[in-house]
Structures are given as structure tokens and as C-alpha cells.
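Take a look at this single chain in C-alpha cells; it is the form predicted on its own.
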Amino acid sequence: MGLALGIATDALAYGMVLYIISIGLSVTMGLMRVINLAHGAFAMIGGYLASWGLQSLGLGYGTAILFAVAGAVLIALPLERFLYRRVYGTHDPLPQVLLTIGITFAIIGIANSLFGPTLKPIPLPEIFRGPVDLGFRTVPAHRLVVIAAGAAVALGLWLLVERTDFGIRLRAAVDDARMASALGIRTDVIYAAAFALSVALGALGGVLGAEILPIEPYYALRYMVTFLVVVSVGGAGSIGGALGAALLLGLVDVTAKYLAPEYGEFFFYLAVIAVVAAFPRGLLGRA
């Protein structure tokens, strides 16, 4: 029983990290119809900026998170304005793939040139380093923070999309951009805001999840497929689907690494194949 509860705790923390990062990609793919393969690069930017802020600028952990998220958004917005807007609404996904792959390699090259090709640690404050006794197991406090953050992101994003004027305008722009524009909705502003939100979530996940997914020079490429898989399994644009997919795949991956580490990620991708075969549009994907 203790082993099962320990696996569940680690899987929940890992799943929440995947969710916080991947939900931003789900927003751009499902709501904005953009295959943004550079999403992991923006998460990496967040990690690099947080590490720099903590180690070189002397920022506190909370301030470093805000600095990283704001910095990633400020870097991403010019790219959205001058590059991403050129591929919005294109029926051929190839230009989107080539553009975002190019942005990924450019960000990797610039980051390595500025910060060096080494692992970037993000030191945790003392309060997050200590263990917390859950009765059945002692876990690092940081993992509980990640779990709480994931739950807060899921709830906040659902309320934003489903219960606010911005969410209504975003869904209108997605369903029929021309009609939304004719009704006076600034679709360019809506898309820019949604893109900024996507990048902010990616950067937040990159910082909070650095203990589980370390920030290193090829982070954007190493985890690109993982983030895409979460979106595909959950259904692009589905907040609940992304959460379910992240938790399911997190559970499968952590369980396999506990019980059968010699198989690597075999069971992770086996679960992906099984879910996609049963639900071609993802767990909660829209037609």
C-alpha cells in the first residue's frame, strides 16, 4: 500500500507539471489552430530567466517566477506579431511546423550563446526543500506546491475560457474569425492575448517543474514530443482533456519507472497508442 501511495503522489506531481506546460500548447493548437512546436522553447526561456534571476540578480523565488513569466511573454509577443500571425488560419500545417521548428532552434542557439550550454539549476527556497510527512510517505514540499499550482491553473483557465467575456470572444474568434471581426471583436488582440497566456503558462511550468524536468540546453527538443503527446491524448483545446491526459500519462510513466525501469518509456508510448486508437480526437477533443 505504501508503494502504491508513493507512486500516486509522484505521478500526480509529474502529471501536474506536464499539465501546466502542455495546457498552453493545447490553447494554441486547439483554440488558435496553430501547431506551435516552439512551445517547449518558451518553457525553457522561463527556466533560464528564473535561474538567471535567482543566481545572478539575487531575486527571491516568487519574484524570479514573475520575472521569468513576464520575460518569456515579452520575448514571445514580437514573434507573435511578426511571425505567428503570418500562419494563422493556414490550411496547410507545413508552414506552421517549419516556422516553429525554426524558432525552436533559434531560441536554443541564442540561449546557449547567452547562458552557456550547461544545466540551469533553479534553487528552491528553504520552505520548499523540507519534507512533508503525509502519514504514508514523506515527500518534498515542492511537489505539493506543484500539485496545488496545477489544480489552480486548471480551475483558473476553465473560469477564464468558460465564464468571462474574454473567453466568449476567444471562442467566437476561433469558430468564425470573419464574423467575429464583423461584430467588432478585435481578433488580432484576442489572439495576441491568448498567445501570451499560452507562453506564460509554459514559462510557469518550466520554472515550477525544473526539479522534475531539468532545464538544460536541449530542453525544448527533448520534451517537445512529450508535450505534443499530452495535447493529442487529451484533445487539442480541451482543458479537462489535457488535465486527464497529463495525469494518466504521468501515472503510467511513473509506475513503469518504479516497477520496470529497464523498459524506459515503452509503457508511456504504449498508453499513448492505446488511447489514440480508442479516441482518435483525444479524450475530450472536439470534432
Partner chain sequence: MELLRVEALTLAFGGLRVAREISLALASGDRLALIGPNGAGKTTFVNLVTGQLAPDAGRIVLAGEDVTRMAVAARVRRGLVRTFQISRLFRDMSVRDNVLLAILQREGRTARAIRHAATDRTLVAEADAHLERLGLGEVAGDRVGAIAYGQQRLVEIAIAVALRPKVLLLDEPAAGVSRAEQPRIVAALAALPPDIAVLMIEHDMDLVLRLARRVVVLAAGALVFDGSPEAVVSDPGVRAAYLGSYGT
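Numbering follows the first chain given and starts at 1. Worth saying up front: this structure is predicted, and the values here are computed from it rather than measured.
Here the subject shifts to the form predicted in complex with its partner chain, a form of this protein not shown in this document.
If you check its partner chain in the predicted bound form, you find a heavy atom from every one of 164, 180 and 183 within 4.5 Å. Contact with its partner chain in the predicted bound form, judged as any non-hydrogen atom within 4.5 angstroms, is confined among 105 to 113, 80 to 88, 203 to 211, 183 to 191 to 183 to 191. For residue 175, a non-hydrogen atom is located within 4.5 Å of its partner chain in the predicted bound form, even though that partner is not displayed. The shortest heavy atom separation between residue 169 and its partner chain in the predicted bound form is within 4.5 Å.
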